[in-house]
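So this first bit is one chain, no partners, the form predicted alone, shown in structure tokens.
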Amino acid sequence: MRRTFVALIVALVAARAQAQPGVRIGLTYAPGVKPGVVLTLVGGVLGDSASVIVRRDLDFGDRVTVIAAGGTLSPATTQGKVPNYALLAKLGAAGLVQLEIANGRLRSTVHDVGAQRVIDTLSVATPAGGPTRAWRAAVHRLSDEVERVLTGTAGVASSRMAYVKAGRTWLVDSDGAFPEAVSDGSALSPAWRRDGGALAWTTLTSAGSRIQIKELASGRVQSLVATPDGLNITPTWTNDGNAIVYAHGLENGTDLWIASVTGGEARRVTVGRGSDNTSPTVSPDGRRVAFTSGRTGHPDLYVADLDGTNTDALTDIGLDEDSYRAGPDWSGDGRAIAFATRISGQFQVAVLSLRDRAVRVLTSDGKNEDPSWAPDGRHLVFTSTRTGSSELWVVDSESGRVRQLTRDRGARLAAWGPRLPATP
């Protein structure tokens, strides 16, 4: 498929810019081209693992083309400590990433091949004990920073997805590694707090459904006080992490409500007049909420201020039997909303541009729904049946490239979390 990419020149961070006025940091390459990058390999078991992870992370980022040059650091790619830039250029490389493991740290030196110079040196602490989850997380963080230096945009390798399988909430790394159950049974619709430190989800009880919150570091679980009984589903966090917006079912329909996580009564956001209003997603500026509403007889997308005023339809209201648009997720840059739509009787993932209300459909194989944006505002995780069972897949919204994330037979309802915090 045709890949589109507008190249960016990475600016100096403020401190570096002040220390070295006039110096430009970043990879130089032609606009509209995915720059080729050679990644040198590191010897040893841990070195091999780190090389494989960084190579895969850069490939999954869809912003560079990783060139298979082969070999380790050798005269073929270096002359002493100086790379053979001429040879790298012949291989089609615009950048070179040299990896090195020493003294409990993974270090990368990033070169601009055309300018024949080092543009940045990065390093992360790697926990002892080999390729554990914590060790891999450190390598993913380095990958994200390497991608930032190369392209101007940090990668999303150091992030995780929450999802549901067999009634439990699970976490999985961005490359599909280390699936881990974090709840007991009867969990639905997990949602991340903005800092990545907590999840909220719906749990089923004998009195109905409640919203539960789990602090991941401590394992502490609490129920949202405002949801003691009845139907309470599809939670999402406000941007400050102090409140939850969710759908609460009444006798004459379902509406959006908002409640503080520390207690107190809930406040009603929408007045659907007997219709079902669910699946809220809060805008990055924290002022608006998009949601699904069936107020015209078919599920469609709407947006309102968080106080419930200024409700407006996001899409042209469909009146035919096939009309169905649901499960919106607002991108982190505020420019787009992803959702599921029905086309010729089958659900597909689409993206709505908020600038001109144009819609692009990203999928076509199988049943595809429940999209959730990555922190980069470019990739989406979604549920698909294209392999015959429900699994999680990732799509690049610019190129359309897809990759399978899980092989769990039943994974669904994914939420892509923020990048993990860096370590010293």
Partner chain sequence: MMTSPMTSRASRLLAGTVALALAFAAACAKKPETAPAPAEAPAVAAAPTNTAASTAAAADSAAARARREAANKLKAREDSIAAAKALASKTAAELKTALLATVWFDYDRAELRDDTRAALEAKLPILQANSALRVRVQGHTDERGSDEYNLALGQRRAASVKRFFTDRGIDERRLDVVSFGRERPAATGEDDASRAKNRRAEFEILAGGEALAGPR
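Residue numbers count along the first chain shown, from 1. On a predicted model such as this, the values are computed, not experimentally measured, just so you know.
This protein has a second form, the form predicted in complex with its partner chain, left out of what is shown; the following refers to that one.
Participant: Is residue 306 part of the interface with its partner chain in the predicted bound form - any heavy atom within 4.5 Å?
Facilitator: No - in the predicted bound form, heavy atoms of residue 306 and its partner chain never come within 4.5 Å of each other.
Participant: Might residue 197 be said to contact its partner chain in the predicted bound form, defining contact as any heavy atom within 4.5 Å?
Facilitator: Residue 197: no, not in contact with its partner chain in the predicted bound form.
Participant: Given that its partner chain is not shown alongside this chain, does residue 234 nevertheless sit within 4.5 Å of it in the predicted bound form, heavy atom to heavy atom?
Facilitator: Judged by the heavy-atom cut-off of 4.5 Å, residue 234 is in contact with its partner chain in the predicted bound form.
Participant: In the predicted bound form, is there a heavy atom of its partner chain that lies within 4.5 Å of any heavy atom of residue 413, even though the partner is absent here?
Facilitator: Output for residue 413 is yes: heavy atoms within 4.5 Å of its partner chain.
Participant: Tell me the stretch among 257-265, 213-221, 200-208, 281-289 that has any heavy atom within 4.5 angstroms of its partner chain in the predicted bound form.
Facilitator: Among the candidates, contact is made by 200-208.
Participant: Are all three residues 131, 136 and 177 in contact with its partner chain in the predicted bound form, where contact means a non-hydrogen atom within 4.5 Å?
Facilitator: No: none of 131, 136 and 177 comes within 4.5 Å of its partner chain in the predicted bound form.
Participant: Check each of 125, 250, 181, 115 and return the one that places a heavy atom within 4.5 angstroms of its partner chain in the predicted bound form.
Facilitator: Exactly one listed residue reaches within 4.5 Å, namely 250.
Participant: Of the options 369, 62, 376, 57, which one has a non-hydrogen atom that comes within 4.5 Å of its partner chain in the predicted bound form?
Facilitator: When its partner chain is considered in the predicted bound form, the option within 4.5 Å is 369.
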